[in-house]
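Take a look at this single chain in structure tokens; it is the form predicted alone.
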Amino acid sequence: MLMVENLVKKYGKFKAVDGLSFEIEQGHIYGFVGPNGAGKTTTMKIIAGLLRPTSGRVVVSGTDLSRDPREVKKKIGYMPDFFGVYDDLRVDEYMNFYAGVYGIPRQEREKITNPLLELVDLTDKKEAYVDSLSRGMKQRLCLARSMIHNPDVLILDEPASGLDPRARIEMKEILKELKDMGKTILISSHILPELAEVCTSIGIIEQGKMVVSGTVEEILRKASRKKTLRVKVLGDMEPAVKYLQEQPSLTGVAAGSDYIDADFDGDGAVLAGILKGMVAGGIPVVSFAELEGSLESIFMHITGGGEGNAV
């Protein structure tokens, strides 16, 4: 349904996307994961026909983007990470406006827009002004807008960004329903546990390159082969990081927002010795435990836990 092959996007000498390849089957949801600056948004804009690649191919439902971009755009619904709405329009007027943009005859628009508003649970907001909606409602409205022309493929760039927990759950349920409808979806997100629940496959990219790609089960198996130690301490983490980096049984020591992760070889006795040394050294350990394999842990180790500037 969607094939990306050896995609490259250069800005001068800088490669925002560097030989990226992946494929999504019809009715599948592909989670696009990576730190800020990894190239996720650039790739999505290329697929949506908003940026021209330096080289490589994008094929949607058998149509090559470079040969027939107009036809590809008919098959794609794109929801950007930042989108504009017309605040002085009501929800029904907003949907009617975009239906007109896509050339849908006036007499047919309500037949199309009403079911979409029902899908995203905005039917009772039809007469509300867009600027009165919560952020979560605006996100759902934008999703409905992207489906007005009944595209085969949905490109959703951080659709849950900035949403509260309830709104993220609502968005997740909508994605599951779209999958059941047979839509093919490429979605980027930093909310890794939720991607594991909703996605068929996951691709992790770093500096424009695909680092690992496969089904959720395959990637979790890769994660579970590594033993990961997670440590939390009170106050400054630097002494703990330094101590852990000095331990021969630990590798890949990386600090998160309020924790430190490391790969380790050995058994419980080795861990007990490390913990004893930290306590003896006056490091205030709050928690010290082995993690089960997770998308979050493998993501942190692959990307080094770092984030750059958004691209």
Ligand SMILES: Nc1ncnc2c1ncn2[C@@H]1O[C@H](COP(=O)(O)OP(=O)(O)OP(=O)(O)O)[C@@H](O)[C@H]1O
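Here the structure is a predicted model, which is why all the values come from computation and not from measurement. Start at 1 and count along the sequence shown; that's the residue number.
Just so you know, the form predicted together with the named molecule exists too; it's not on screen, but the next bit is about it.
- Stretch-level contact analysis of 271-279, 39-47, 55-63, 255-263 against the named molecule in the model of the complex, using heavy atoms and a 4.5 Å limit, identifies 39-47.
- Only one of Glu170, Glu158, Asp152, Asp92 lies close to the named molecule in the model of the complex, with a heavy atom inside 4.5 Å, and it is Glu158.
- Within this chain, Leu291 is remote from the site of the named molecule in the model of the complex, having no heavy atom within 4.5 Å.
- Taking the partner from the other structure, the named molecule in the model of the complex has no heavy atom within 4.5 Å of any heavy atom of Ile24.
- Shown here without the named molecule, the chain has Tyr11, Phe14, Ala16 in 7-21 lying with a heavy atom within 4.5 Å of that partner in the model of the complex.
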